[in-house]
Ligand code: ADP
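Only one chain comes next, encoded as C-alpha cells, the form predicted on its own.
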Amino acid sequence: MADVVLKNVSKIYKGGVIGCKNINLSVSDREFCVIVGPSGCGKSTTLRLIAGLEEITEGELYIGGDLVNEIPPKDRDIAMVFQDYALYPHMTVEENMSFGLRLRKYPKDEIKRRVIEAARILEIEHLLSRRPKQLSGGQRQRVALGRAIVRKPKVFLFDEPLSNLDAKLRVQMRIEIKKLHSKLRTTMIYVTHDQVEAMTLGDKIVVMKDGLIQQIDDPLSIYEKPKTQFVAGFIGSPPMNFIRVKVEDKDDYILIKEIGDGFKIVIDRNTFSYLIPYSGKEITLGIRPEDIVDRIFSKIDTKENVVEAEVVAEEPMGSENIIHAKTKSSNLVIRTDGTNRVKMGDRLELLFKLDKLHFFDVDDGKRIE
C-alpha cells in the first residue's frame, strides 16, 4: 500500500508566517492527486512536507500506513520531479538516471535493467549517451521522470514539472504523464498553478488558497459544484462570470435582479427554494461562459429572461469564439461557436441556462444550495 495521509498538518515559519494550515488530505494507493492554486497558496509547501524537505510544525503525515514525521527524505521511499529538472550537466542521460541507484550501491546489472526499462517507457533509449545540454526541454523533463521511475518509489511527487515548457510541449507532456501513471499504477501527487493541468491529469483535485484547502473532489464535481466563489473562479477557462444580484421572493416565483437596475430573471421557486432565506438580500450569481446562449444565434423564440448586453471585445479561436460583453452593471464572457462572429458595439440578447446557475454568499463566498 502507498497511500498518503495528512492529518491536521501545518507549517508555520518564523514570525508566524503560514505556509499551510490544518491540511487534512487522504491520497489513496495508485491515485493521481493534483494540488492546484495560485502562487503562494501553500501547494508547494505541502508537497515539500510530504517529501520531507520541510519540517512539519503540527500534525501527522503517513505514507503507506507509517508515520513519517521524523523520517528523513531518503528513507521515505518517494521520488520527486522538480520544475528545473535538476540534472547533472557533466553526466550523460544514463548516468543521471542511474545516479540514485549507484549511490545506494545497487548491482550494476540491476541498474542497467532499470535504466533501459525506464528509457523504453519514456522513449528516450536513443538519448542515453547524451548530456543535458544536448537535449530539448521536453527531453530533459523525460530524463528527470526517468530518474524517478528507476527508483520504483511508493510515491511520485511532481512540483510544477511543466512550467518551463512551451504551450505545445506542455500539452504533449501532460499526455505522457497521464500515460505514465496508467503504466506504473503508482501513487502520484502533482502540484501546479495551471487549472487545465489539474482538470486533465487528476483523479482527485485539491484547490488551495492562502495555505488552506478550499475543496477536495473529482474534476467534474469541482467544475460543476464549486464549494466557494474562489474555486468557481479559479477552475475553468475562461473563468466563471460573477454578477452581484438581489433576491426577491414573489411567492409564486423568485426574481433575480442585477444590482444597478439591470436585467431581471425569473426562476422556479421550488427548484431554487434554498434562495428563499436570502429574499431582500444581495448575493453573487455565477454563470460559466459556455452556459450563456445568444438568443439570435441559437434561434430561440422567447423574450423571457433575456439579458441585454453590448459587445466590447471578441477573441476568435477558430472552433470557438470568446465574446466579451457588458450589461448595465456587469462584464460578461461568453463562449460560443466559432462561426458566431460579432463586432464591437453589437447588441446581444443573451439567455442564461437556468439549470447551470450558481449562487454564492457575498460575505464568506460559500456556495448557496
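The first residue of the sequence shown is number 1, and the count goes up from there. Keep in mind it's a predicted model, so treat the numbers as computed, not measured.
Not on display, but discussed next: the form predicted together with the named molecule.
Enquirer: Can you tell me whether residue 27 touches the named molecule? I mean in the predicted complex, with a 4.5 angstroms heavy atom cut-off.
Expert: Close contact is absent here: in the predicted complex, residue 27 is far from the named molecule, nothing within 4.5 Å, heavy atoms only.
Enquirer: Is residue 38 close enough to touch the named molecule in the predicted complex, meaning at least one heavy atom pair within 4.5 Å?
Expert: Within the cut-off, so yes.
Enquirer: Residue-level question: is residue 351 within 4.5 Å of the named molecule in the predicted complex, judged on heavy atoms?
Expert: Answer no; every heavy atom of residue 351 is more than 4.5 Å from the named molecule in the predicted complex.
Enquirer: So in the predicted complex, does any heavy atom of residue 44 sit within 4.5 Å of the named molecule?
Expert: Yes, contact at 4.5 Å.
Enquirer: Based on heavy atom distances of at most 4.5 Å to the named molecule in the predicted complex, which listed stretch, 64-72, 301-309, 44-52, 337-345, is the contact stretch?
Expert: Heavy-atom contact with the partner occurs in 44-52.
Enquirer: Residue by residue through 5-19, which ones have a non-hydrogen atom no more than 4.5 angstroms from the named molecule in the predicted complex?
Expert: Sequence-ordered list: 13, 17, 18, 19.
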